[in-house]
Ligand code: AVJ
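Presented below, as structure tokens, is a lone chain in the form predicted alone.
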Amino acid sequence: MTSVHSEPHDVSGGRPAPPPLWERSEEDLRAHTAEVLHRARARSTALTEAVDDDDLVRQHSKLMSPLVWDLAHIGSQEEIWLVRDVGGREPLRPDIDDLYDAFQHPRATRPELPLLGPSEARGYVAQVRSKALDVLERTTLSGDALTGTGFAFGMIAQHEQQHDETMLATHQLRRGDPVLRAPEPPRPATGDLPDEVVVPAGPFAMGTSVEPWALDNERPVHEVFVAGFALDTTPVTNAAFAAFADDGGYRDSRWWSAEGWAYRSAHDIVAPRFWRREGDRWWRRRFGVDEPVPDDEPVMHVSYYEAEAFARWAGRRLPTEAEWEKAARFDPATGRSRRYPWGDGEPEPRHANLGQRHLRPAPVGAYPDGASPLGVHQLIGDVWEWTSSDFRPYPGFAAFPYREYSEVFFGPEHKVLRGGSFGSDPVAVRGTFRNWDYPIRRQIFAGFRCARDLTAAETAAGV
């Protein structure tokens, strides 16, 4: 089997990367863990302080919780895992455990619950965080599976950042004046890129058994053989997707699966969510701003069904999850799988559009330093990418630390998304990270890229 990790290096930057978590001293690991927890909380605070209390308790869409529910849920999970389980401390608010159990209460009905009000929720999460940081200072980070290399703390940081991205999606759904602001993403500095890249046939190491903060569905590492295929160099752009819509793609059942056509027809979907037609061009609403749809950005707010239909219209298909990961991680020069497309170093601003630094995807080609060894661009950040794969366990999967994180979602009901979006934090995005959702979802920051099988002549020529 090819090696998942060797000596960390960042080939794109020409300088050594910081050591991975499993090689850091306990003092350095503790400082890093505190930093990612602080970063998550700063973002949660910014997203909830951007609106008044009336907005915090309002449900902006039946698809989403009120923002105040997400805030208190973040605190509740942190209390359960870090304060009680890791720290062994007395519970602060055991009376609210059920209120903030996502499995007991669907999003549509959460406003009917006796939720903590804005002021009470803020006080609660602050109290929990104070105790959690004290637990971090007193916990040996070389203990059991829950505390070793700080796993539980990393899990909670990822959980909070995932809810921050959910809250960002809620902001996109809210009506009213813009309340979020960020600088524009970089423009491409390179010339035109090739339309596609060929990924050679052969095995690669998929998943991980050594990444300390990887979640259970990313484990264990296993060898997968992938036939040679061609993959789009960049995600599908708004201009390309507009051509599909303008060509009648939403009105032609030939391009749609039976399930996709039924959903499209039932909801009269004619464009990506938040798009509208005015005269001879498309417009969109983005965090309260109305603007022309930019041609060169990756398309987003499209469902799996829309992505699948576009791919058929274009004479292509969606990549499998294994194809996506091989394109993102496999280095043909060494035969190893990297942590990220650019190498093993943690994401930097030059690599990818992450962390809500910008409130939109960057134009395609804007991050040449983040390209994979095969020359595939923007695999990390900008938009989540639909794959054709159902969410399934890897061979040898073991649920940890609880079944409800992954295991209960396995099956054909959910499709896998990869790569993260501009609203994903680096702590919650790796080359092995797996997201999943229903194929109808359109409010998430999801786009896609297309693939195709190689022709017999290409395969025979060793293309």
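We number the residues from 1 along the sequence you see. Just so it is clear, the structure is predicted and the values come from calculations on it, not from any experiment.
Keep in mind that the form predicted together with the named molecule is not shown, yet the notes after this line are about it.
With the named molecule omitted here, the record of contacts in the predicted bound form names 430-438 of 47-55, 28-36, 392-400, 430-438, defined by a heavy atom within 4.5 Å. Only one of His163, His171, Arg360, Arg110 comes within 4.5 Å of the named molecule in the predicted bound form through a heavy atom, and that residue is His163. Interface residue among His159, Arg339, Arg129, Arg84, judged by heavy atoms within 4.5 Å of the named molecule in the predicted bound form: His159. Although the partner is absent from this view, Tyr405 contacts the named molecule in the predicted bound form, with a non-hydrogen atom inside 4.5 angstroms. Contact annotation for Arg329: none of its heavy atoms lies within 4.5 Å of the named molecule in the predicted bound form. Taking non-hydrogen atoms only, His73 approaches the named molecule to within 4.5 angstroms in the predicted bound form.
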